[in-house]
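Before any questions on how it binds or moves, here is one chain, the form predicted on its own, in structure tokens.
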């Protein structure tokens, strides 16, 4: 069988052809390799330079190599934090024509290090907590996407600094499985494997004298499970609110956003007597709402704007009857989104006098009005309608920030002038 490089990007095979595929990975000359820290692995793994890229090369049998390649591609489509799969090389032979194992090639994640290497150094408690939070978030994101990892460990996870926190990335997907949805038993089994693997690696580091004395291997493994459980409950729990207190739903959505997740869908159901409302969010990774809003409404906005507008759109859609006057007998999201733009978004924005809008585009202006509505509703402890919000906003907010809204100043919008508009409450 001839050497074959399977890749989704046509540029990658040309970059990889110069690597010494006729040699076992353990025998690659040093001038091909890049000395970067790596975790322990059951397979031979090396970092190499391919053109301007630094790639991770893992030697394994053909079938698992192809399977892991497809799993990583699937995670990439779901926007899950994982290494980027580049290619699979099969049909390798040595100088005597003897077959060599296939290799999986992934792009090295710039600025990252294996979790395991972090615990080999002196680490402050605050850093340890950030590492635990990042790893718990990664596991939750995988499970929300229906992915059972099967081999979470410190060696199979990379971390990268992210604005004062840490972001965790999956490296090894060889044992992973994708399902439409994970059962509680599947999640618990995956979490227990993570606990055993993580504590085991820390015990190994402790035995070698590399682990800082402040780190308890067993306690750390248990702490990951505790943080995962708390985060999972916050993201998936069903909330029951008094009818008419819709700003409680907005508060819950804000809390989820602060955790780094977006609400893609909402199930809102009234009780039989109409006294309570049940709210069930479906959370996804941040980053997809900008595309979704553009697809549904044609509004091209920034990500935070898109999140707020979609949350408002979803809440509004939940209040609409199945057979709306003037529309076909359908509740397709595209139809409802068009009605929301026509009947809610545009009239609300146009209600603001043009001379008071300054440089704010319509999406930012509507976002500011939603912020002000939340502030007024929290203060009044009941929902405030948009017409009242617009009147209060025009009368009490815009006149005080006219200068800040002028194009020449480049100052922030009026939300900062509310003196608490963006603060979130507790409970609910």
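Numbering follows the first chain given and starts at 1. All of these numbers come straight from a predicted model, not from anything done at the bench.
Separately, the form predicted in complex with a small molecule exists; it is not shown, and the next lines address it.
J.: Which residue, 254, 245, 108, 195, has a heavy atom that falls within 4.5 Å of the small molecule in the predicted bound form?
T.: In short, 108.
J.: Counting non-hydrogen atoms within 4.5 angstroms of the small molecule in the predicted bound form, say which of 171, 249, 140, 131 makes the cut.
T.: Partner contact (heavy atom, 4.5 Å) among the options: 171.
J.: Do residue 61 and the small molecule come within 4.5 Å of each other in the predicted bound form, heavy atoms counted?
T.: Output for residue 61 is no: heavy atoms all beyond 4.5 Å of the small molecule.
J.: Residue 376 near the small molecule in the predicted bound form, any heavy atom under 4.5 Å?
T.: Result no; residue 376 lies far from the small molecule in the predicted bound form.
J.: Within a 4.5 Å heavy atom cut-off, is residue 42 in contact with the small molecule in the predicted bound form?
T.: Within the cut-off, so yes.
J.: Would residue 155 count as a contact of the small molecule in the predicted bound form, using a 4.5 angstroms cut-off between non-hydrogen atoms?
T.: Taking the distances in the predicted bound form, the answer for residue 155 is yes, it comes within 4.5 Å of the small molecule.
J.: Choose from 26-34, 376-384, 53-61, 392-400 the stretch whose residues reach within 4.5 Å of the small molecule in the predicted bound form, heavy atoms counted.
T.: In short, 53-61.
J.: Would you check whether the small molecule, in the predicted bound form, lies within 4.5 angstroms of a non-hydrogen atom from each of 38, 83 and 114?
T.: All three within 4.5 Å in the predicted bound form.
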